[in-house]
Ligand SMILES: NC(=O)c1ccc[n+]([C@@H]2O[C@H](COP(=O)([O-])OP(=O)(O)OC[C@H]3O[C@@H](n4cnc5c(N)ncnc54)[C@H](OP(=O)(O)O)[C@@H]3O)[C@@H](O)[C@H]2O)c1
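Next comes just one chain, in structure tokens: the form predicted on its own.
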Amino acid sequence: MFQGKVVWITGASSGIGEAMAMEMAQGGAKLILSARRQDELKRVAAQSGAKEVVVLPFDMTDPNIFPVMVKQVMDHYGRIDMLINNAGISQRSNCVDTDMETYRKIFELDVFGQIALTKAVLPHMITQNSGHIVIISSIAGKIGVASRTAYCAAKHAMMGFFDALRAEVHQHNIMVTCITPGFIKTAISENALKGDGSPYAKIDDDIKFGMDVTKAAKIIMRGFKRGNKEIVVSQIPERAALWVKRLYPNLLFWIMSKRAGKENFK
């Protein structure tokens, strides 16, 4: 399915992005790997075993550079078959303790960066009358979680934007897939921001005992092959929460209220 396809992955230096790079390389894809850390991208490129790979480091919060990056990709490969919007950052702080600048920082990366890069790539996909746009959202894009108001808001925004985009680009033979992971063993909590914008730098228990990231990537790949427009990647508790939200929303709100206040962000 991915043999010879040009796949661009952001946030590819670790976590789900790195795991997806490995899976795509095994499937024969031609890769573009992007993140800020060039050394880590080179490591992932080497370990992936991909026959063709371009390391393209840049900052997702600097949309002025996106047209230049897209041009580099088009000059090298001549097309972009899939864009996997994976870059992002989370939060660990209560609303009352969160600076507005921290909210803006998270939205710049998790929302506006994804939209801007998609907009830069989209005209080329429309011209070639094919393409696949993927976002790595979250269960938090469907369920509100205490101490993650910024992250939940950003992921809800992503789901809304890309669900709407799917309807727009269907006529151009472009597919849009939203990935909704639950707790996955990545560095997401360590890289999360506290209310003042400083690093949280801790591993949450939920993350520590979450799904293995390689297993998560394989589930995503199966979803791609089935043509799923939304792919839930989670263990039983998170998946059950989605059903409770749909069938018994007040019960879920009560459960989430009971969970609140159990974490220490000091």
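Predicted model only: the values in this text are computed from it and were never measured. The numbering used is simple: start at 1 and walk along the sequence shown.
Heads up, the form predicted in complex with the named molecule isn't pictured, but that's what we're talking about next.
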Within 4.5 Å of the named molecule in the model of the complex, heavy atom basis, the matching stretch of 85-93, 68-76, 115-123, 161-169 is 85-93
If we test each of 36, 239, 202, 43 for a heavy atom within 4.5 Å of the named molecule in the model of the complex, the one that passes is 36
Heavy atoms within 4.5 Å of the named molecule in the model of the complex: does residue 212 have any?
no
Going by a heavy atom distance of 4.5 Å, is residue 25 a contact of the named molecule in the model of the complex?
no
Even though the named molecule is not shown here, does residue 145 get within 4.5 Å of it in the model of the complex, heavy atoms only?
no
Please check if residue 188 has a heavy atom lying within 4.5 Å of any heavy atom of the named molecule in the model of the complex.
yes
Taking the named molecule as it sits in the model of the complex, which residues of 146-160 have a non-hydrogen atom within 4.5 Å of it? Please list them.
151, 155
